[in-house]
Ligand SMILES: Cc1cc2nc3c(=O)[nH]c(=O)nc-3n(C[C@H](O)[C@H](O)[C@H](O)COP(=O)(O)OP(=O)(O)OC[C@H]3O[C@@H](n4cnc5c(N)ncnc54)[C@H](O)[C@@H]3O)c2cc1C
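Consider the single chain below, provided in structure tokens and representing the form predicted alone.
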């Protein structure tokens, strides 16, 4: 099914075939939101190891050998300097208490070139790779979440990345040198009524009568770095266009000078964690933006936002790795020296269980994040699915790790770093790390939204083969023809998905895990197809069921990454950690598969409907 192809309904109206999901029966708002998202989706043109898992493939050769780029002396020198600077100059506890990053820290980062890590050297940046950037985020993430967010919001989702990807040569020459010198930037997308639903975007950019630019009006929520930024990417609606006989909204992206007349900070937001985040609400009233600052052309704003987030999402799991390593070190030291009931705390089975899982998970988190970063640097791979898995799994796992670290350290985990210091105890930042970790499963794509994103990508190849058979927008004859072709397609492939022979493995425990994972990828694909056949066009509403399948696929990717990373490191310790992780991942995958058949999803959903209807309102009353 080609993206540009069209089919006709019995009434003769054109049906847009760039929308692979049947929108029949959807509300107008839901249909518009889906069409916006579908139009902005990148089409899979390059191979993806993780996406292949949902199509019966375990292409281990894509990630073996581990895609670690050759060592860059310039990059290593920068990372050493950043590590020394972070250890000496970035006081995470003081920054958290003051709710402000000192100018000295920002100036120090500027001097290191930390605001231009991935900006090409031709424009004054360091010109380093994604892998070095990821490692920099790990370093900062182990020290201070607010400082990590300052650097990340500037160049992961701020102006540099979309400008590099979509900017004109003139735009790059104008803005990249400023950004490389350390003029901070921000990204303004979210609104009071528009989070993950782009169709509800209210900010407008209307062309001026003289054609010289646009007047932007609107309000943007949660704009990180907004209080310090000199440049912003602002996402706004431009005048609609008529396509397929219908008016379609256009979402566009603009580079906006922060000192533009009419742009003001309406509110400074404060949060549970990331307390020094320069996060604000921006109001734009008749802000003039010259047409030369339109990024990528009208109607490409959502695509720019989504594409920027693909690699931008890797910063969060990278920072999560740094924080988790810090938690592991604190927990190991405490559990090996603190004695209770005649033995070190870590020797008690309940605590040992937490520590073992913590170590195995940190190893897998690092493997997934570095692997995906290496794929970015190597090129030739579509990393959208891998990046989403890294972000979803990495941040959820980090939350569990920091929570376990607090539990193991007990009251000293709950007590603040400054309070511990003031009373003469060892000051550890677990309380702060816990607060800072909570937001990571929410922003830049919540876990729930990422599971839906993964489900859409997993279903895409199957929808393009068989979706037409379920699409009520098409004539009955067309649907029957698609059903016949898809029956042949799957008839040729399904037997292979039943076979359990072969594998990428090799000798030893890791080889056995890889052979199991290859068989499991076939099982995952069968389960996905069965769900499509059972639920048809209503499958997109089965979010809990799809979530189990996405979790299983993500665990398979984590297993593969851990094994490839261990093969690359070639140490006995790495093999032990990869082996232990894979054993635990198998248990979780089997649990996800069992949950497809044995669950209480319908009854829980019915209960939720009753709660929302107010049936149990008395339960909320405190007696």
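Residue numbers count along the first chain shown, from 1. A quick note: this is a predicted structure, and the numbers were derived from the prediction, not measured.
Separately, the form predicted together with this ligand exists; it is not shown, and the next lines address it.
In the model of the complex, this ligand stays beyond 4.5 Å of every heavy atom belonging to residue 381. Taking non-hydrogen atoms only, residue 490 never approaches this ligand to within 4.5 angstroms in the model of the complex. A residue is said to contact a partner when one of its heavy atoms sits within 4.5 Å of a partner heavy atom; residue 311 fails this definition for this ligand in the model of the complex, lying far away. Although the partner is absent here, residue 195 sits close enough that one of its heavy atoms falls within 4.5 Å of this ligand in the model of the complex. Residues placing heavy atoms within 4.5 Å of this ligand in the model of the complex fall in a single listed stretch, namely 180 to 188, out of 473 to 481, 87 to 95, 180 to 188, 163 to 171. The partner is absent here; in the model of the complex, the one residue of 157, 389, 517, 138 having a heavy atom within 4.5 Å of this ligand is 157. Only one of 442, 266, 533, 111 lies close to this ligand in the model of the complex, with a heavy atom inside 4.5 Å, and it is 442. Residues of 443 to 460 placing a heavy atom within 4.5 Å of this ligand in the model of the complex, in sequence order: 443, 444, 446, 448, 449, 452.
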